[in-house]
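What follows is one chain in structure tokens, specifically the form predicted on its own.
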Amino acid sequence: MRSYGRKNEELRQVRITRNYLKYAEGSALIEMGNTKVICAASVEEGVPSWMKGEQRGWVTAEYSLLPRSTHQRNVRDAVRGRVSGRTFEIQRLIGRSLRAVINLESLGERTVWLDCDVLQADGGTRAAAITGAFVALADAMEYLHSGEKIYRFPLTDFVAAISVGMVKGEALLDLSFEEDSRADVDMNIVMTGGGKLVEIQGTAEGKTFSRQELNVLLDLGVKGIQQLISKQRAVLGKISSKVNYQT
């Protein structure tokens, strides 16, 4: 029996709470089992200097593990004086994933910061961050659109992410930390609501894997992401209908 008493192809219990923070233009708390991540979307007028005058916006992300989100205390990057390689990689992944589903021209010369802070880590934190950050971003875009700061809703699709892996020869969906630590193959999949792949990160941790096993993992990931996007749709309600799939 897997962690949380679930089947191989079953997600952990997922809960997304919109508008979790009072001051952010968009925010969400996402809980996937014992993994909990707060995602906040902040809108700033202006863009990075290298984009000025291009009449389009930018979406970028920051990610962090709070000190006791893990089994042992994690030292803050600010104290360490540098961002770790893992943190930098995840920040870039979140930014790429959300930029894949937004029309930056419709955003105008504005920057959206997506801050993803892990309150509690039990595997799949980057996947949870991407999935929750989309909800926060959608609310921030609604803030701009309903306030007539932008005249076209910029989101072109939904996006979510999930982890999959091979553990003792079995393909598992949504790995917990304990499962991830034993996985022979560890993979993260990012995909849009329209079924387009944004990113696949797959590594043979313990042993190599075949093309057939890759296909099994991808199919499993697609199933999980479709369920997550259904959760996003449900929690966003009327905003979901504003997503412009024709762009």
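One-based numbering along the sequence shown. Remember, predicted model here, so these are calculated numbers, not experimental data.
Just so it is clear, the following notes concern the form predicted together with a further copy of the same chain, a form of the same protein that is not shown.
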>> Residues 17, 125 and 145 are flagged as a possible site; in the predicted complex, is every one of them within 4.5 Å of a further copy of the same chain by some non-hydrogen atom?
In response: no
>> Please identify, from 131-139, 161-169, 145-153, 81-89, the stretch that has a heavy atom within 4.5 Å of a further copy of the same chain in the predicted complex.
In response: 81-89
> Would residue 210 sit within 4.5 Å of a further copy of the same chain in the predicted complex, counting heavy atoms only?
Replying inline: yes
> Is there any non-hydrogen atom of residue 107 lying within 4.5 Å of a further copy of the same chain in the predicted complex?
Replying inline: no
>> Since only the chain is shown here, I'm wondering whether residue 235 would be in contact with a further copy of the same chain in the predicted complex (any heavy atom pair within 4.5 Å).
In response: no
> Looking in the predicted complex, any heavy atom of residue 121 within 4.5 Å of a further copy of the same chain?
Replying inline: yes
>> With the partner left out here, which residues of 140-176 have a non-hydrogen atom within 4.5 Å of a further copy of the same chain in the predicted complex?
In response: none
